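Given as structure tokens, the chain that follows is alone and in the form predicted on its own.
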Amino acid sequence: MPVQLESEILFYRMDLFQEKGIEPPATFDDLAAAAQALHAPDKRLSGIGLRGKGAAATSMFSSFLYGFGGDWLDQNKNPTLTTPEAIAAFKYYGDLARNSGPRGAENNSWPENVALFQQGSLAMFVDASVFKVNVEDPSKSQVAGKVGYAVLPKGPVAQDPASFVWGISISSQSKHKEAAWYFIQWATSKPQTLELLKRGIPVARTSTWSDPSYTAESNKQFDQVQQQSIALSKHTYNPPVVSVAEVRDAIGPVIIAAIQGKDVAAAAEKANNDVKNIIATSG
């Protein structure tokens, strides 16, 4: 049963956008242009933060893959990492991180990018909507109150921001299934999810988002972006396979190769074969 429902969104510095006269990007081309315009390494400011750290980067790369019209698998459950759409997505993502991101972007995941954004060292970053609570915390974030939120821009083929669902299930081996079911009903109830939402956790229960005790003080831009992103999302972030961790480990090196400006096609070919073998043994 879903408890938490995050979306992949764009966090940006409203003050920097205003200074440069830049509008929130609507397309991938706009995103690259904005990142380059805001990139100022001499001022210790990078245009954009993207995950680049191997397997962890696949989560955020997924929306770019979908935006270029690609996918992890075809209808026959064969990996599709070498298609023109996938190669274009890898190259775009890598070029964006390399040309407009912080040095060593291939070593960064969400902890690094969130921290850099909090410190005022990123003009934008792409990640899960749950990190609103981090960037708006005035005790830890130097940019609290200056943060804007936007739906992930549209790619050449689609606008399909990935969704991230966290849920609770009951083990088939449980000796207390009835008690577990009562717990799930309590944990996913409106009163409990309302408490989570007020603490900054994007919840899955739709009615909670419109509760007056939340909307009275909520960030309306963030709320709109979250709901619009979920409405647009057609995929989750993970490849639909049994051995998710192994497959993510196999795909990660392609993203690193793209960021480092190496041979993306060769890296994708290797990853495609590795994923095919993983699926053959585990499903």
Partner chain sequence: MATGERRRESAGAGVLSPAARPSGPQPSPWSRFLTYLEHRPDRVFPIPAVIVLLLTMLFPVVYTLYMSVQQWEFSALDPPKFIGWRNYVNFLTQDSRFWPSVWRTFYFTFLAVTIETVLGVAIALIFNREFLGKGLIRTIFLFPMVATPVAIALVWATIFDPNLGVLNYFLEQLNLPIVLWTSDARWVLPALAIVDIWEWTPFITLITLAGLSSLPSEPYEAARIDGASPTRVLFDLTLPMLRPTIVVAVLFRAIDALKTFDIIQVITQGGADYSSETLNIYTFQNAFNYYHLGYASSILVFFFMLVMGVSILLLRVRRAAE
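These figures come from a predicted structure and were not determined experimentally. Positions refer to the first chain, counted from 1.
Heads up, the form predicted in complex with its partner chain isn't pictured, but that's what we're talking about next.
K.L.:
Choose one stretch from 30-38, 60-68, 250-258, 223-231: the one whose residues place a heavy atom within 4.5 angstroms of its partner chain in the model of the complex.
P.N.:
That would be 250-258.
K.L.:
Might Pro102 be said to contact its partner chain in the model of the complex, defining contact as any heavy atom within 4.5 Å?
P.N.:
Because a heavy atom of Pro102 falls inside 4.5 Å of its partner chain in the model of the complex, the answer is yes.
K.L.:
Hey, in the model of the complex, does Asn107 get a heavy atom within 4.5 angstroms of its partner chain?
P.N.:
Flag for Asn107 set to yes.
K.L.:
Please run the contact check for Leu116 against its partner chain in the model of the complex: heavy atoms, 4.5 angstroms, yes or no?
P.N.:
It does: once its partner chain is placed as it appears in the model of the complex, Leu116 has a heavy atom within 4.5 Å of it.
K.L.:
Examine Lys43 and determine whether its closest non-hydrogen atom to its partner chain in the model of the complex is within 4.5 angstroms.
P.N.:
Outside the cut-off, so no.
K.L.:
Looking in the model of the complex, is its partner chain within 4.5 Å of a heavy atom from each of Gln173, Ala245 and Lys270?
P.N.:
Every listed residue reaches its partner chain in the model of the complex, so yes.
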